[in-house]
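Only one chain is given next, in structure tokens, and it is the form predicted alone.
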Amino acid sequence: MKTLLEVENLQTQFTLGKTAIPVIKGVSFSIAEGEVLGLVGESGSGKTITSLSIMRLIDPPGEITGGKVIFHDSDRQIDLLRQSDKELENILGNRIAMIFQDPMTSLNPVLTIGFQIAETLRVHRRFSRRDAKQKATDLLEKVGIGGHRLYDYPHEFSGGMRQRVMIAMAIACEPKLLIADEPTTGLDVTIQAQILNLLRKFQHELGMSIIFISHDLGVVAKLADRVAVMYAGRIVETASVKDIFERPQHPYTQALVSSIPRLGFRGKRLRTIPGVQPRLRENSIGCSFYPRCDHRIGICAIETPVLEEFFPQQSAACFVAQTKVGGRLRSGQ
């Protein structure tokens, strides 16, 4: 498949006083046209900051300090980090759209939802006021909200309906890439399923790619084709959904998979991951997961592992995995 977006060695830091604190530490991944990539990790692992960095929505004291974000738009390769604000405005919301975690903080409370959807079309697609209103009505119908709600305000909708409005706004210009930042968080399981079905429906209809951000591997498994696991500002494993569940290589991924509730586990204690992620100010020498890892070895404390491919299309940043699998693969067995 043709690559749509390439993130290369992305680095973002926040400055507190005179101290620069790295938050995103050389993140690299790609997503193909029509693919759904799940970006998974605990809260605080850097998933949202990664997505905001891709969209160049990092404000002071945050700063993107390095890397490339290459967007393949038709025959052009555009580095989003090096575009002018005007050039970026033509891409974001048009070719690339984002759904934020909390729709109530993303929707303007004093404007009708119809106006907010129509404004997207008028800004990016130069629709007339009349055409934008008609398209907004059609979009509301598509996401399961009657067009008669066009003149209602965000506070008049439930959480699930507000998220549907955000989806309508995001797909209004038929983007090539949609970034969905935990769009089902805080919703009950029935509404979660409806939102996931909507995303899947529009992904197929528009042929768009989706970066789906979540802390829940179970939710990601229902939508994604491939998974990238984040921990402490780094990607620690990438693989297909099938391989992530059947043969996770990184101990952190293994722990995440083991902590998912399953049928037949009644009366059994679910596995938990002891400890917490390192604080941002802590020294990042060695593997960040070292203090919580049951399989750690000496080198983990002094060197930072890099992603290495162990199986076709499956890579992990782990010295333990390298000792178990890497040598055998390199020898061609």
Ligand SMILES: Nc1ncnc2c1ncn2[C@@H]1O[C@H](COP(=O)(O)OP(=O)(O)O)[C@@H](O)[C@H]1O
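The first residue of the shown sequence is 1; numbering continues from there. Please read these numbers as outputs of a predicted model, since none were measured by experiment.
What comes next is about the form predicted in complex with the ligand, which is not displayed.
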Heavy atoms within 4.5 Å of the ligand in the model of the complex: does A20 have any?
no
Test of understanding: in the model of the complex, would V27 fall inside 4.5 Å of the ligand by heavy atoms?
no
Check whether G44 has any heavy atom within 4.5 Å of a heavy atom of the ligand in the model of the complex, and answer yes or no.
yes
Although the ligand is absent from this view, report whether T304 comes within 4.5 Å of it in the model of the complex, heavy atoms only.
no
Hey, of 45 to 53, 290 to 298, 27 to 35, 64 to 72, which bit sits against the ligand in the model of the complex at 4.5 Å between non-hydrogen atoms?
45 to 53
Residues within stretch 9 to 28 having a non-hydrogen atom within 4.5 Å of the ligand in the model of the complex:
F14, L16, V23
